[in-house]
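Take a look at this single chain, the form predicted on its own, given in structure tokens.
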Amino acid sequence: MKAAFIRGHGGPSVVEYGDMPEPTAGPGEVLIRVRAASLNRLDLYTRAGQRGSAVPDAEMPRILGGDGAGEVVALGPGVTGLDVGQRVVVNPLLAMDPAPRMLGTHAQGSDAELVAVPAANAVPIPGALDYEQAAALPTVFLPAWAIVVREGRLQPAETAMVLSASSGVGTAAVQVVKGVVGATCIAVTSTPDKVRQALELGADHAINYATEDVAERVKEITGGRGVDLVVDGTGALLFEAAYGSLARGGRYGVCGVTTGVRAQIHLGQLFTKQARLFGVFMGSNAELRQIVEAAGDGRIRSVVHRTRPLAEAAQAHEEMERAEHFGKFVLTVP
């Protein structure tokens, strides 16, 4: 089968497109004919061998890719509840104990014509949802959903601030805040064009952190009250300004550290504001079903920046690293 894979770590040029052995469905697994796969920051880290995602030499070559959608072509022993020919999207989180294991990083991934995954991780998708839209859902909407809905418990009368609103998680979070909860949303991004796109996506307000003081703008927008929830997929860059912008009883959710892993925390604000700081890592298969349902009825949608054929995976990696995009990169599989 054709696949996008690496034989060693490095820049985008190490991503190869060629033949790899076809997988089979083992006990409790399904074999999926992949029709679309989407890129995430973890794919870039895995390719580069950064941030704890290095692949041991003994496991090379590694097929990249966590998010994917397609149809079931074979059922492994013991699988029930799914049928051959069923359209599905994959939750790439394979396990959490003793540490997170992700498809494409710790096992052969979805950037291929075929992928074998645990049957529980294959969530059926409705006919109204095409493969490209479905493939772009899991890795960005699962943490956004976990922060906004499960842990943050955002209410319609509250205000949420979404950092890096142009990223995959950011565009997902804006939509969960608006389309699922119906709360007020402040998007934070880095260019005038991204500000415009965030507002078009549904954000009520947008802040350009490259030219504006985030904390001061939040005070202006909220009348000095602050925000009830922060969705942070970036880490250190905006942490102090965003954390300081929490209202009394505010919640701060972290799901990524793309701009750095260390930041100062004002402990006095933590208890005087009775704030809550928490982290999430992906989400459950049950939550992915809720996300698919919300996408199927139009409350949320995947924001796709560009679609490329699987053979151009290396170019997609290169373009994503420039961080000029708004939304996701999706690879289509013939």
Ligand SMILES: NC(=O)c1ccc[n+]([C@@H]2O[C@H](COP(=O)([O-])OP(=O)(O)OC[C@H]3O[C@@H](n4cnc5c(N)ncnc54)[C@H](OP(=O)(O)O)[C@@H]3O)[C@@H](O)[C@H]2O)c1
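In case it trips you up, residue 1 is the first one in the sequence shown, and so on. Everything numeric in this text was worked out from a predicted model, so none of it was measured.
Just so you know, the form predicted in complex with the named molecule exists too; it's not on screen, but the next bit is about it.
- Heavy atoms of residue 14 never reach within 4.5 Å of the named molecule in the predicted complex, leaving it off the interface.
- Of the heavy atoms in residue 63, none are within 4.5 Å of the named molecule in the predicted complex.
- The named molecule in the predicted complex comes within 4.5 Å of no heavy atom belonging to residue 155.
- Although the partner is absent here, residue 131 is not a contact residue: none of its heavy atoms lies within 4.5 angstroms of the named molecule in the predicted complex.
- Of the residues given (123, 255, 117, 203), 255 alone sits with a heavy atom within 4.5 Å of the named molecule in the predicted complex.
- Interface residue among 301, 35, 41, 273 relative to the named molecule in the predicted complex, by the heavy atom within 4.5 Å criterion: 41.
- If you check the named molecule in the predicted complex, you find a heavy atom from every one of 190, 194 and 320 within 4.5 Å.
- Just one listed stretch, out of 181 to 189, 219 to 227, 241 to 249, 70 to 78, contacts the named molecule in the predicted complex at the 4.5 Å heavy atom level, and that stretch is 181 to 189.
- Scanning 261 to 281 for heavy atoms within 4.5 Å of the named molecule in the predicted complex gives 280, 281 in sequence order.
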